[in-house]
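Have a look below at one chain only, the form predicted on its own, in structure tokens format.
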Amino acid sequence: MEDKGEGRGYIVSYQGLEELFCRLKEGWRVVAPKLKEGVILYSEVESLRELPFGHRNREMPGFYCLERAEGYFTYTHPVNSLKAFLHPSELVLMRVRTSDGCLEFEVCNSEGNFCFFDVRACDLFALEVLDRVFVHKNPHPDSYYRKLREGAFVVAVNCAYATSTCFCTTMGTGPEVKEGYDLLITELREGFLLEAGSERGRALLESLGNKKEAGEEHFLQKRERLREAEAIMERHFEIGGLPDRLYGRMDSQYWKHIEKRCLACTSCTQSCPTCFCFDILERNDLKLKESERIRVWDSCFSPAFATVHRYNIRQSVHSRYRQWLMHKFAYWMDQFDLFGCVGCGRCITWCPVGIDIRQEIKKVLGSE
């Protein structure tokens, strides 16, 4: 995708957004935030009215709730991430069946044609991370991920609000959406500013009926809203030289202290938009007529994850926590030239004992 044009956009009303959504539904399976089971989740939606407009998520370490708010895009990111659609928690790779005494093999193809609607800066950056993991920095590109990712249409939204667990400003991933999108929405006082980030986004935008050219005052409002969202968040640590500083603390006594709190429950890795570890399993039916080879999410916190030839090289919880934190903020940079953390804060919110990764990084660095 190309980057957006400079200073070119249109203002539309809510009816204009509905027109846009209807156009998208004609060509894609639209995935967007939706109020479901008491939380906001990325889900397939049929109507713009299914989005959780007028709701706000409040998040703290180990805490999540929803409340009412004035406006439309009043929330941040959903509880789950787009990883659930591009790298699903369970994916059937192949089936083997018995038929007339012979074996029939079926290689399963992934099906997508997704439009990801209302994607925030942190989740959009997470897609860039996954693209490098599975395709661009992978000597053996993942055909399943690539097929789902190719052709996906992305409608991003600039954040005007942040929860107490958001730290995208620290990681340099938000709150402003800068690239990687087809269309970008910013909610303003008098409507919605739409900007194109690709040729197909521009073509769709130009085809909308109810729109007017955006003026300089609209882009000034956009900058003001972004500054307000950025001001809510604290910068927790410096990312410059962070991998080398962490490498210097590999043998710190700090790591053993985390074992007193961490449950190794895997909640952080399951909620993370970039954790990609998986296992391959064989699932057989009880009649032994069919077998499926499936790919399922795994976690470096699982006791058996680091078992090699019946020996577990990370038997302690603190060694698993160190592996996870170091991978996010050090090893990942060596592997993929960027951090594995996008500052979404999901791991903080959904940790059952409220461990805050931002504070843990400061603690391990403070032990220098």
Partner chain sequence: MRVGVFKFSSCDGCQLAFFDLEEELLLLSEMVSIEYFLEATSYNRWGELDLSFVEGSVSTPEEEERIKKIRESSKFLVAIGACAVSGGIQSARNYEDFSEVYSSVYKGHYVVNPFSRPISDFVKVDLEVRGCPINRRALKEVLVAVMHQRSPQLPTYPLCLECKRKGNVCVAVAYQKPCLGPITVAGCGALCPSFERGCYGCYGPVEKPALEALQGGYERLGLSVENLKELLRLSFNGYNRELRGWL
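The model shown is predicted, which means the values in this text are computed figures rather than measured ones. Numbering follows the first chain given and starts at 1. Basically, rigid core = biggest C-alpha set you can superpose within 1.5 Å across the two forms.
Only in words, not in the display: the form predicted together with its partner chain, which the text now covers.
- Contact between L325 and its partner chain in the predicted bound form is not found at the 4.5 Å heavy atom cutoff.
- Although the partner is absent from this view, Q315 contacts its partner chain in the predicted bound form, with a non-hydrogen atom inside 4.5 angstroms.
- The closest heavy atom approach of L281 to its partner chain in the predicted bound form falls within 4.5 Å.
- Proximity of P303 to its partner chain in the predicted bound form: non-hydrogen atoms within 4.5 Å are present.
- Among the residues E46, E37, E70, E26, the one placing a heavy atom within 4.5 Å of its partner chain in the predicted bound form is E37.
- The contact residue chosen from E176, D298, E187, D131 relative to its partner chain in the predicted bound form is D298, the criterion being a non-hydrogen atom within 4.5 angstroms.
- Contact annotation: its partner chain lies within 4.5 Å of heavy atoms from the stretch 253-261 in the predicted bound form, the single such stretch among 112-120, 201-209, 253-261, 214-222.
- The candidate site formed by N57, Y75 and T163 is entirely out of contact with its partner chain in the predicted bound form, as no residue has a non-hydrogen atom within 4.5 angstroms of it.
- Residues from 32-69 that approach its partner chain in the predicted bound form with a non-hydrogen atom closer than or equal to 4.5 Å are E37, V39, L41, G62, F63, Y64, in the order they occur in the chain.
- When the rigid core is held fixed, the Cα atom of E224 travels less than 2 angstroms between the shown form and the other one.
- Annotation for D285: C-alpha shift of 2 angstroms or more between the shown form and the other one, rigid core superposed.
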